[in-house]
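Okay, here we've got a single chain as structure tokens, the form predicted alone, with questions on binding and movement later.
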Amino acid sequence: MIIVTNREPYSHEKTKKGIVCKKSIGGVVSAIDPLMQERGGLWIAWGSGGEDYTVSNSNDEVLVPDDDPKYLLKRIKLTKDEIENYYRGYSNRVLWPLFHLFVEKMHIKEDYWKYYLKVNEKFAKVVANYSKEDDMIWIHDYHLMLLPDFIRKEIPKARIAFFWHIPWPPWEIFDTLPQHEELLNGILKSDLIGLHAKSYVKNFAECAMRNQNAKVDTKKCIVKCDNHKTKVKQFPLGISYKDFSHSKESLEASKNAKNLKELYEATHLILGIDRLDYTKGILNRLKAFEAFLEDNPNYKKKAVFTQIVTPSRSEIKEYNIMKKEIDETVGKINGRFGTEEWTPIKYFYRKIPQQSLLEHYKAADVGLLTPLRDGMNLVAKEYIAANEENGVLILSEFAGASEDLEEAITVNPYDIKATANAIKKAFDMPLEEKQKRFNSMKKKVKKRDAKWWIKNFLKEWEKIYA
């Protein structure tokens, strides 16, 4: 098994205690690292940690995890220009906004594309050097769309699968990208492409139909392009359920959850957790809570909205502008409604440890997760897994998780009034209905966990070569 991602599963950083090995945060690593620890193999990724190459050998390899090595991590060095143009540029200022339907935020530059090509080719050469014809090469996400094509030129019979972790847009959006044909031809050199939601599969098929080189069997969802067949299918990513429901940290968090509500002086606690990103709908959510307080004065000094924002992509201008807008909006709402005893919004801009995260999940009466567009939104599933029985999930209809978690209260996050009304509905919902909805979602989250996702994906992949 060869895994290829932009982000590495483990990085090495210098601290006061010396060089430490840190596990990367995110759904991809959380889901795939256990597979690699069980099966062994090779993980190829950009080595972005400050001390990565201090601990790696002369071939930029290191066994991970440090305390109990299970597989080999091959790190790829990127130059400053490659980081600026391939990663910050084309990946995050062109592809990210495009695939999340924020076309107006795309920044098209010739150098961005040039370096995206260059780095994808760089990855391909490393993969080709390490792989044999019967190896399973599993590529992940939008940073590496051209990689299947480059690998196949080196190894024509390579076994390649691709998982796409963000939304796939309709043709009318995808078509706005100048290089859309090259990217589609690149990813279609995979044998299997997985996406989170049925709607993304449908959009992908529509885009493939518009490609002059491709023919699409819509019933079997197989795309033929340049004499190559690609199966396209939905595989909704799950979480490691036990980590949020039955771990030692989870049991300890259950004891502290009540204390957290008392600390926040909240009888009704709402929780939002997001990485800093314009796709997450944080500003819309804050305005919805403001509208809720306006319409429901009886909840003043009772309802508290805790919004946790994890720092992200601080080197990109758009993210710094949004951070300032969030800060100002929180200040405005707290200044307008707050009292000496009660602060309506508890806002944290930092990474929080797993223990604190679990305590917030368990303490929250309502999970308010309303991205403007999101591939899946695993936080919604984490909230369901960690919370006990009476939590209510308010979920954006534009999150991939909404196809899975139909019992959530779904909202259009652009509709501020409707989201405010959803908060009221969540608070007023009869206990029996809360438990019925919640328990139904909990069963799904438990059954369709990360292991289930991997098992189904690998089973489909192996069928292709049977």
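The first residue of the shown sequence is 1; numbering continues from there. Nothing here was measured: the structure is a model prediction, and the numbers come from that model.
The protein also exists as the form predicted together with a small molecule; that form is not presented, and the subsequent description refers to it.
Stretch in contact, per heavy atom within 4.5 angstroms of the small molecule in the model of the complex, of 332-340, 257-265, 87-95, 204-212: The contacting stretch is 87-95.
Residues 381, 400 and 446 all lining the small molecule in the model of the complex, heavy atom within 4.5 Å: No, the whole trio is out of contact, none within 4.5 Å by any heavy atom.
Proximity of residue 118 to the small molecule in the model of the complex, heavy atoms at 4.5 Å: Heavy-atom contact with the small molecule at 4.5 Å: absent for residue 118.
Partner contact for residue 191 in the model of the complex: the small molecule, 4.5 angstroms, heavy atom: So residue 191 does not count as contacting the small molecule.
In the model of the complex, residue 27 touching the small molecule (heavy atom, 4.5 Å): Taking the distances in the model of the complex, the answer for residue 27 is yes, it comes within 4.5 Å of the small molecule.
4.5 angstroms heavy atom contact with the small molecule in the model of the complex for residue 289: Heavy-atom contact with the small molecule at 4.5 Å: absent for residue 289.
Listed residue (166, 239, 270, 124) with a non-hydrogen atom within 4.5 angstroms of the small molecule in the model of the complex: Going through each option in turn, the one that passes is 166.
Contact residue in the model of the complex, from 301, 224, 275, 323 (heavy atom within 4.5 Å of the small molecule): Of the listed residues, the single hit is 275.
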